[in-house]
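A single chain, nothing else alongside it, follows as structure tokens in the form predicted on its own.
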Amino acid sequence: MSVTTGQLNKTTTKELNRIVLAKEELFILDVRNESDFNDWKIEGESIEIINIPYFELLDGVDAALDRIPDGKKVLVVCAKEGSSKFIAEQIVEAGRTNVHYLEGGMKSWSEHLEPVKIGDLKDGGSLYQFVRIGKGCLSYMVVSSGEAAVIDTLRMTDVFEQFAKEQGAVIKHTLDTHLHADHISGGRRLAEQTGAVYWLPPKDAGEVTFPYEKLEEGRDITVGGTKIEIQPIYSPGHTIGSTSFIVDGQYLLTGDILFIESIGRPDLAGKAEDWVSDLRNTLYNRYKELSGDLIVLPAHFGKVTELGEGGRVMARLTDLYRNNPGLNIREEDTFRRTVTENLPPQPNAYQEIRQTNMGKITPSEDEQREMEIGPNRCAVHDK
């Protein structure tokens, strides 16, 4: 919701999330440094955005006024909130109306999580997707008969705890499809807080410093009394341990192997050349053996165009084999070049994030937040 104080309005990340999904018109003035803006910004189908660094507006906002359309809703954005509030106040004093600043700035936008229901499960229960719109991360919760499992849990564990409580469910399992390199996993922490079992693929866990349950084929995980099986499928390529899940025979959770408009990159552990054949085998052989009616649910999205109705990120496997460019590269050499050359920049602080997810370093909350700032960049085609 937007809260009015005089003529200056405060917009929450929840309201901004709604605006983006509803494709409402919005004009954004981003006052962060140019390099930060170029690295990562708020995007949406009906969003117009400009960047004028804060220090260029300290002596007055005339330069900004010349570039801001009169009569449109204007949102001023900065890293943490303070600078945008100051500039927004100046714009209001200059006589403009419908001026807002983003509460908590881009740091809050990076952390906003929105749960959306994907669908019902055959014998009761539901599957939910948690959309981290500012970072492009996706988590999942299976809820059945008072029990829940969380897959690819994000750092903001309180959101998952609260949601499970609202569903009347106890979190029994937390699972990571692989050792993440773009964001800090909340799986182990959530398991410790709730008494749940934490699952991790053993081939990704060679250097971890904590106990975990081995996520391997044949070890189906049942959630609730309705016997909803989470069936792991070994699907290497993004990492050597990458594991997918089939939930309830309906949904294929692909982690960072397969996205809606792209495929996973194999280079974030420094093993691109070694893992290319694994990636191709998973995408072109292993997944091809599965039912084309499975609904693919990835761990990330790269562009807002991948967000469907209500913000859901999902597609039928058959449709992806028809439309996803990464699944339509016939020549093996061409595939190898595509996934190893001219890739997007690697995620910010990805080495430190991997070390954190192994338990080798324990950064503070502020340090973790800083490490995660920026886009996820887990896909081959996200440039």
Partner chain sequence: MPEIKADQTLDCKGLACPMPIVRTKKAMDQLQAGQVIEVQATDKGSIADIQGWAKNTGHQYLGTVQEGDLLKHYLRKSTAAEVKEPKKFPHTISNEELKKKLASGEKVKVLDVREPAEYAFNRIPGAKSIPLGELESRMGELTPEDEIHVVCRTGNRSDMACRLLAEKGFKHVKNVEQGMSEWTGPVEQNHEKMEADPL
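What you see is a predicted model, and the numbers here were worked out from it, not measured in a lab. Numbering follows the first chain given and starts at 1.
Another form exists, predicted together with the partner chain; not displayed. Remarks below refer to it.
Residue E56 is the only one of E332, E56, D70, D319 with a heavy atom lying within 4.5 Å of the partner chain in the predicted complex. Checked against the partner chain in the predicted complex, the candidates N348, N33, T338, Q355 yield a single residue with a heavy atom inside 4.5 Å, and that residue is N33. In the predicted complex, no heavy atom of G206 sits within 4.5 Å of the partner chain. At a distance threshold of 4.5 angstroms between non-hydrogen atoms, K80 is in contact with the partner chain in the predicted complex. Using a 4.5 angstroms limit between non-hydrogen atoms, F163 is distant from the partner chain in the predicted complex. In the predicted complex, the partner chain sits within 4.5 Å of a heavy atom of F86. Of the stretches 323-331, 59-67, 38-46, 22-30, only 59-67 has residues with a heavy atom within 4.5 Å of the partner chain in the predicted complex.
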